[in-house]
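Here you get one chain, nothing else, as structure tokens; it is the form predicted on its own.
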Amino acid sequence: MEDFTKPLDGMNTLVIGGGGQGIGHAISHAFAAAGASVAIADIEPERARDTADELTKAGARAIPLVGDVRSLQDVDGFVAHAAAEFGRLDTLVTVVGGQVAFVPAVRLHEMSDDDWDLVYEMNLRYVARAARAAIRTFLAQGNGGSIVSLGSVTGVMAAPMQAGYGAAKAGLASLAKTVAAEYAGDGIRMNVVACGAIATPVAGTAQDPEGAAKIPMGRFGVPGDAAAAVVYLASPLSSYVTGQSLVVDGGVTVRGPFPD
């Protein structure tokens, strides 16, 4: 019987984008609370170190890793360093993503090729690279593994003013299905948490009552909502789940339309 109190007990996790104060930070803390050792990869050294220190002070094992997801060498290094430090890697979580944090929100005809490429890079290309590195590690270890990526409801519905982001997140959902089909026999799973509007420092939605009123549950999500879903999909509790997109949106995609 699985341990529902610490479903990740004894497992080792790499969280790419696990620093900061938003979803990644919440995931790092949730994984530690669930019993995992956590490698926190972030582009900002201070964010990676601070989050690792927080987890260590709480009694978990945590290490900071610094690099840029746009660098193949850095992405491969994240996986290699986490596996070497812990002796084994069990789960990979990819959090880095978004559009408005990197490029303007505009209609498709106003979007430049450079901006499109950057959004693709930050939401899909690096995830494929990280998944590839993790899969190689899982296969070498011979004990399977789990990959969970942060997606978006824009990947399953229209994404006005964020065409590049929506297209990349749709590609992410397809990537998870393909990984699931190719590696299920090796005990390797990949799933996506498709988030709706989550109130984070970057999103800045928490104080928007008009937007919250458009959500069936009447509130924006909080980082912990996404983190709980990621823990479930990374853990043995979801051992028979792969290639799926778990929607965490307060009911928006059930009712629609998604608020701008």
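Keep in mind the model is a prediction, meaning the values are calculated, not measured. Heads up: residue numbers just count along the shown sequence, starting at 1.
If you look for the form predicted in complex with a small molecule, you will not find it shown, but the lines that follow are about it.
Annotated contact segment (heavy atom within 4.5 Å of the small molecule in the predicted bound form): 44 to 52, selected among 231 to 239, 209 to 217, 31 to 39, 44 to 52.
The small molecule in the predicted bound form is approached by C195, whose closest heavy atom lies within 4.5 angstroms of it. When the small molecule is considered in the predicted bound form, G243 lies well away from it, no heavy atom lying within 4.5 Å. Looking at G166, you'd find every heavy atom of it more than 4.5 angstroms from the small molecule in the predicted bound form. Interface residue remark: V95 is counted as part of the site for the small molecule in the predicted bound form, having a heavy atom within 4.5 Å.
For the candidate set M122, V79, V179, A159, a heavy atom within 4.5 Å of the small molecule in the predicted bound form is found for exactly one residue, namely M122.
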